[in-house]
Structures are given as structure tokens and as C-alpha cells.
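One chain comes next, on its own, written out as C-alpha cells in the form predicted alone.
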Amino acid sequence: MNSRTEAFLAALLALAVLAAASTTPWLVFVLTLALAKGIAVLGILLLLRAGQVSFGHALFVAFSAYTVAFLAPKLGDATLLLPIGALFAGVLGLLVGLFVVRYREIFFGMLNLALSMVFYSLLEKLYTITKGTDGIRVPAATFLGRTLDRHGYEWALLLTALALAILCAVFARFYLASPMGQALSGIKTREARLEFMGVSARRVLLSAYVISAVMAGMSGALIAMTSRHVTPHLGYWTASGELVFIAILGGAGGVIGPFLGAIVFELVRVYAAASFADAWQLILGVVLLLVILFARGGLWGMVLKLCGRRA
């Protein structure tokens, strides 16, 4: 697919999000969370290009969310909280990445999971600091010093999430097309060849890992300011599983796939929980099973096939 067609589809998806939020006000909250998770899944997409899957990426989402929760009473402005949350997550990603990029495949995934669960346990046990499973309430942030009402606040967060999603998607598109991004595919196919060419596979994977941590940090900051309440569950293994679920659902063939998968995931979960409160997990499982069996490229793969047939 050429860049013009991909840009057109991205614009179409953005307009659909805005139209849905305008016609159905309660979807503003749901779509904001979906876009936030899509940004985190976009970071996982970078690792998937290298053939690596992180089962503990919720670590960076939770770390950023708690950073925002602790700093919100003092700073209070979204224009400060968002970059600080992403920066802190990026620093943590650098520290963790220096260790985990030495490993590959299942060892890479399980080490990420183990570190995520260690952080989850700390959040749960350090009650005097984190309030344990009760979580921490996040006060409403201001935007450029302006205090907004509830309606304006929700729309400001949605537009911020949409703008960040577009910027991250454009960045990921150029990054994957760059020599560094092409080297990620080399790690998946023939890592030894990269080393023979003088390219350090660890450095290539570390750069992608740090970028993915920064994107997860953006996601965590948006989730904290949107839900206005953070709990240790943000770092639990099921939260990391959701991100991997969305990556499979949306498809790793393009940068739009993570957002398409996140939106469908959140909408299916909301409507399934409303209609079948005791069986919504089963519905999500069936949806994922159908995607694996009949659309291995995910929802984005289905879009590519549809566009190919029309062409």
C-alpha cells in the first residue's frame, strides 16, 4: 500500500473517531482510552518487527500513570504531565532494556513479564506510598493553565490523544522505513548477518525498546488523566496481555493496525459487557480466535486485502 492510501485511511479513521464521539458523547471516554492503548500497542509493533514480544509492557504504562498521579497535585497541567510521564517511562525503558535486549524470543517475553509483576507487587504492597489496591485519585489536569469543565476536559483529552496517535504513527512509519527500522527486521530473520555487517543487534533492539517504552509512557499518562484513578492493576499481567491481544487483533502490518485494533477491542468489550455481563471475556476470546483462524494479518490485513481487490 502506498503512503497516500495509508494517509487517506488514517484520516478516515480519525474522522470516524470524531464523528462517533460527537454523536455519542459517552464514547468520548472509551475512544480516548482506545487511542491511548493504541499508542502503547504501536510501541509493541516495533518490537514485533524484530520478532520479539513483550508480555510485560504494562510496566511502563503503570509507571507513567503513577508518575502522573504523584505529580498532578503539584504540576497539574497536561502539557507538563504528558512529557514527564513519557520521559520517566523512557528512562525506565533504557534501564530495563540494557538487561532484556540480551535475550530473544520466549526469554525476552518472560523477563519483561517477570519485571512487570515485580513492579505490580511493589505497587500493591507499599500501601503508605501507593495506597495499595485502593489506588490513587488523580485530580483533573489543566490545559495551558486553563481549567475546563467536564465536557471540555474530556474533549481536550480526546483531541490530545488523537494528535499524539497521529504523531506517533507518522514517527513509527518513518522509523520503520529508516535503516534502523530495517535492521529490526534483520534481527527477526538473520541476526548474525547484522553483526557481520558491523551493526549491533543489541543497540538496534535497545533503541526500539526505549521508543516503545516512551510510547507506553504516553499511554499511561493519558489513561491516568482520563480515568483520574490509577491502581496496581495497570501493571498486572492481564494488562500486558490486553496490549498483545490488541496487537494481534489489529495486525502488525501497518502503523494504523494498533489503533484500529484498540478501538474495536474497546467497543467490543463495552458492548459485550453491557449485553452479556458474565460472558464478555468469552466474546473477546471468540473474536480473537476468529481473527487468528481467518485473518492472520489482523483487521489491518483485512483492510489491505479489501483495498487490493478494489485496485
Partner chain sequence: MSEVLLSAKGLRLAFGGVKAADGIDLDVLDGEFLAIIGPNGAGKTTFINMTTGYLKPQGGEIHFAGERILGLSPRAIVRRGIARSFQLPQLFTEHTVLENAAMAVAAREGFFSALKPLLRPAWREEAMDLLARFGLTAIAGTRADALNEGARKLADIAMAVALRPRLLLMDEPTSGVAASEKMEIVERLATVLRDARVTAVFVEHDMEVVGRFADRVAVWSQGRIAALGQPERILNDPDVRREVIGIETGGRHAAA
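Residue numbers count along the first chain shown, from 1. Note that the structure is predicted; figures quoted are calculated from it, not measured.
There is another form of the same protein, the form predicted together with the partner chain; it is not shown, and what comes next is about it.
Listed stretches are 67-75, 189-197, 161-169, 228-236; the contact stretch with the partner chain in the predicted complex is 189-197, by a heavy atom cutoff of 4.5 Å. Proximity of Ala183 to the partner chain in the predicted complex: non-hydrogen atoms within 4.5 Å are present. Taking non-hydrogen atoms only, Ser178 approaches the partner chain to within 4.5 angstroms in the predicted complex.
Taking the partner from the other structure, the partner chain in the predicted complex has a heavy atom within 4.5 Å of a heavy atom of Arg203. The shortest heavy atom separation between Tyr127 and the partner chain in the predicted complex exceeds 4.5 Å.
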